[in-house]
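Given as structure tokens, the chain that follows is alone and in the form predicted alone.
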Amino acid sequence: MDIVETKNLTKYYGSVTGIKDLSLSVEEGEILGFIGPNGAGKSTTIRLLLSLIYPSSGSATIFGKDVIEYGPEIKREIGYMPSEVFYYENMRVKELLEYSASFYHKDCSKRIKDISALLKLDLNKKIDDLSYGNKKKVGIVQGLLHDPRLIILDEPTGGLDPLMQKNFFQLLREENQAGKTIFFSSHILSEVQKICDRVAIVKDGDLINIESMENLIQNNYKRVHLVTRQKVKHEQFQLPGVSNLKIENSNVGFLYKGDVNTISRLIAQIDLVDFMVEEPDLEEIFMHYYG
């Protein structure tokens, strides 16, 4: 079952494109990474899904229901964490979270206590006394306290120290293992690589690729490093599928996508001291798409 589905979803801000003809689906129980640099259209997509803004054309459904027609009903089952959080400064953390919980007409006290303990969030502090990182923790608890079916995260880790980031990812894994679907928007590629099942890459408002993390990293590209006995020239590596070629003295490195037999024949013609073939990290793949 698809929890989220968009069909040709488009949003223009005057003559500026926010997102264009976006068609994707998020399956129940998966973690989808939605990646691209700032300005690529990630936040616009999330605001459209939450019906905070309306599309210029196209449509989106969540739980099989149109996000505009059934917006209030859908939102009761969504946990959302925006990239920036703002609160009433004079409230205590506990008061704010209890106030948020009152909108869901269910007892959220255990969830508030458990998630706050994992994140080491002091419920008795005033919002005004919290650091930026601790305010982000409040946002995480606020987004998850009602036990939502779908969790939408927009650049969620800003301000969290490395230990809290580790705890946060542990929390997301536990939520996912409990059957929650997660839409994870980020420009920090290492985060997406740690936790996501599939990744959708957006560029200038266009969806340019969507693929499983395993396929994206393991099957499409190889990072090749050679140490040669003799000098080699760039022309020797002018093959389809070779990119990011770097030659420094006897060291040769490049990314390769294509038939492994073709590249193997090329390498066999070179007098080698050593060679290594590795899976590239997501950063390299991402930069390949963005040229």
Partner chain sequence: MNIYLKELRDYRKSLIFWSLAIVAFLLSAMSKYQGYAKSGTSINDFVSSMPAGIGAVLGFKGLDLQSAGGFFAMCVLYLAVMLGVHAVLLGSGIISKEETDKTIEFLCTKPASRTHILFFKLLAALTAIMILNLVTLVSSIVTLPLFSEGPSINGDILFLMPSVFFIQLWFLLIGFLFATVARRPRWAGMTSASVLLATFIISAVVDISGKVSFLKYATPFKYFDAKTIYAEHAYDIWYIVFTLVAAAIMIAGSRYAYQKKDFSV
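Residue numbers count along the first chain shown, from 1. Predicted, not measured: the structure shown is a model, and the values here were computed from it.
One more form of this protein exists, namely the form predicted together with the partner chain; it is left out here, but the text below deals with it.
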| query | finding |
| --- | --- |
| Contact residue in the predicted bound form, from Glu214, Asp204, Glu84, Asp107 (heavy atom within 4.5 Å of the partner chain) | Glu84 |
| Segment assignment from 190-198, 174-182, 85-93, 115-123: heavy atom within 4.5 Å of the partner chain in the predicted bound form | 85-93 |
| 4.5 angstroms heavy atom contact with the partner chain in the predicted bound form for Leu245 | no |
| Exercise: Ser131 in contact with the partner chain in the predicted bound form, heavy atom 4.5 Å | no |
| Close approach of Phe275 to the partner chain in the predicted bound form, 4.5 Å, heavy atom | no |
| Distance check, Ser186 to the partner chain in the predicted bound form, heavy atom within 4.5 Å | no |
| Contacts with the partner chain in the predicted bound form - residues in 47-71 whose heavy atoms fall within 4.5 Å | Arg47, Leu50, Ser51, Leu52, Ile53, Tyr54 |
